[in-house]
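Coming up is one lone chain in structure tokens, specifically the form predicted alone.
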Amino acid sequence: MTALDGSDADILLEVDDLTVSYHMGMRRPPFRAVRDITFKVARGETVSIVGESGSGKSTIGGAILGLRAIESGSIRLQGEDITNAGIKRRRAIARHIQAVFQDPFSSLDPKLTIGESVAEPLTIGARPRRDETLRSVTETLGRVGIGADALRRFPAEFSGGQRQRVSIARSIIRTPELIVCDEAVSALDVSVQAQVINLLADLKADSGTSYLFISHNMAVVRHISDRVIVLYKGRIMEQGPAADVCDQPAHPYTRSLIAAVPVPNVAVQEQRRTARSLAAKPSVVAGDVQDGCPFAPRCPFARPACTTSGDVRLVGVGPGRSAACLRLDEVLRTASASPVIW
């Protein structure tokens, strides 16, 4: 990973105070999907955004890709503000940002051959020679483990794992600086997940590509990430180096996410179950929180002050690490007494 030392040259993507809302109809107020999200992605770095369904992960990815309208905030790529980039500029930006989406069965046009699908990004703003295109497509498919015999075949002839490899080939054919992986492995079998994750890691090592990896799977995130951002109801609960966040979580929500991850060891699973039962207690907060920590109604550490203190800001808890919690001291003491076991 390229280390972040504060110099602009190291920063590939900057998201600053991003807020995105969805209009729910004439008689209903807009739904604020994400609020005041700020983070950076360095060159050659994998940053994961993790959280349960509905936390706003895909909304952030969509905003970066230009697929979601932004209410406020800014997005900068290599120092250029792309927040409100038009269609023509977005086509040029596609040279630098690509995406791999969740469903490998809907991400490829069933009417196009594999060769045509993978070649599509090469035609954006250019008319490459046919022989050059064929050579580039064949080489790229080879990089993801798909043979040249696939060129004239259609997506319906391939398995989910193979289709996802083809989707990755299409995303890397122009060697983008950033790939947004939106639940890119969640629809795959566990063995195929491992293959795709290892493939992404190999591509990163070969070309220095950065990833924004969106997932709800903490085990996968722990394996693939340099840094992790934990999202709940559209707000950042915790962020920092992957090893720190996953092995020594500072926020109660992060701990609950990790505690829900099954492990293939009966003894360890029993230890985790015992630790969860000892730490678990009902929250003193009831109902949704409009002003304060959104996790308070589910948090065993919550107190009434957690709902009346306004926005709970991120507080530093270590090098490059922060968490949004008013009761960090108590949470960290409990964490020391019952460490995470993987």
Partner chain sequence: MSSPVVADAQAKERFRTARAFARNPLGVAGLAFVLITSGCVVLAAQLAPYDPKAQDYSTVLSGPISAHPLGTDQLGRDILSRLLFGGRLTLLGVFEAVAVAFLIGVVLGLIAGFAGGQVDNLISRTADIVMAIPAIVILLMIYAITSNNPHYGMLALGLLSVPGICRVTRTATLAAKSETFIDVTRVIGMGRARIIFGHVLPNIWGPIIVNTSILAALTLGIQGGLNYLNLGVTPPDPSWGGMVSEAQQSLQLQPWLIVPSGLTLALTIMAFILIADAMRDATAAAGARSERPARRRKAAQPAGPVSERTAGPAVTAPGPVDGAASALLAVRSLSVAFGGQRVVQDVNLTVDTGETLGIVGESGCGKTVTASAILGSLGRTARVSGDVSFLGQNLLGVGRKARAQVRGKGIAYVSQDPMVALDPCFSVGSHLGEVVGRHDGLRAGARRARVSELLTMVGLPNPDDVAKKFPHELSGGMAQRVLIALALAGRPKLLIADEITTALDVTIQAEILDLLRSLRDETGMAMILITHDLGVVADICDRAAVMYAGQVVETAAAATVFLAPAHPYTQALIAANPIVAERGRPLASIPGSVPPPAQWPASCHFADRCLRVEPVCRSGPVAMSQAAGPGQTARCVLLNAGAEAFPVGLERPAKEGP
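Residue numbers count along the first chain shown, from 1. None of these values were measured; they are calculated from a predicted model.
This protein has a second form, the form predicted in complex with the partner chain, left out of what is shown; the following refers to that one.
S.K.: According to a 4.5 angstroms non-hydrogen atom cut-off, is Arg170 in contact with the partner chain in the model of the complex?
M.R.: Heavy-atom contact with the partner chain at 4.5 Å: present for Arg170.
S.K.: Is Gln162 close enough to touch the partner chain in the model of the complex, meaning at least one heavy atom pair within 4.5 Å?
M.R.: Yes - in the model of the complex, heavy atoms of Gln162 and the partner chain come within 4.5 Å of each other.
S.K.: Hey, in the model of the complex, does Gln269 get a heavy atom within 4.5 angstroms of the partner chain?
M.R.: Within the cut-off, so yes.
S.K.: Is Thr83 close enough to touch the partner chain in the model of the complex, meaning at least one heavy atom pair within 4.5 Å?
M.R.: Thr83: no contact with the partner chain in the model of the complex.
S.K.: Given the partner chain in the model of the complex, answer whether the residues Glu120, Thr123 and Ala187 all have a heavy atom inside 4.5 Å of it.
M.R.: All of them do, each having a heavy atom within 4.5 Å of the partner.
S.K.: Give me the residue from Leu231, Cys181, Ala250, Leu257 that has a heavy atom within 4.5 Å of the partner chain in the model of the complex.
M.R.: None of the other options qualify; the answer is Leu257.
S.K.: Along 192 to 230, which positions have a non-hydrogen atom within 4.5 Å of the partner chain in the model of the complex?
M.R.: The stretch touches the partner through Val192, Gln193, Ala194, Gln195, Ile197, Asn198, Asp202, Ala219, Val220, Arg222, His223, Ser225.
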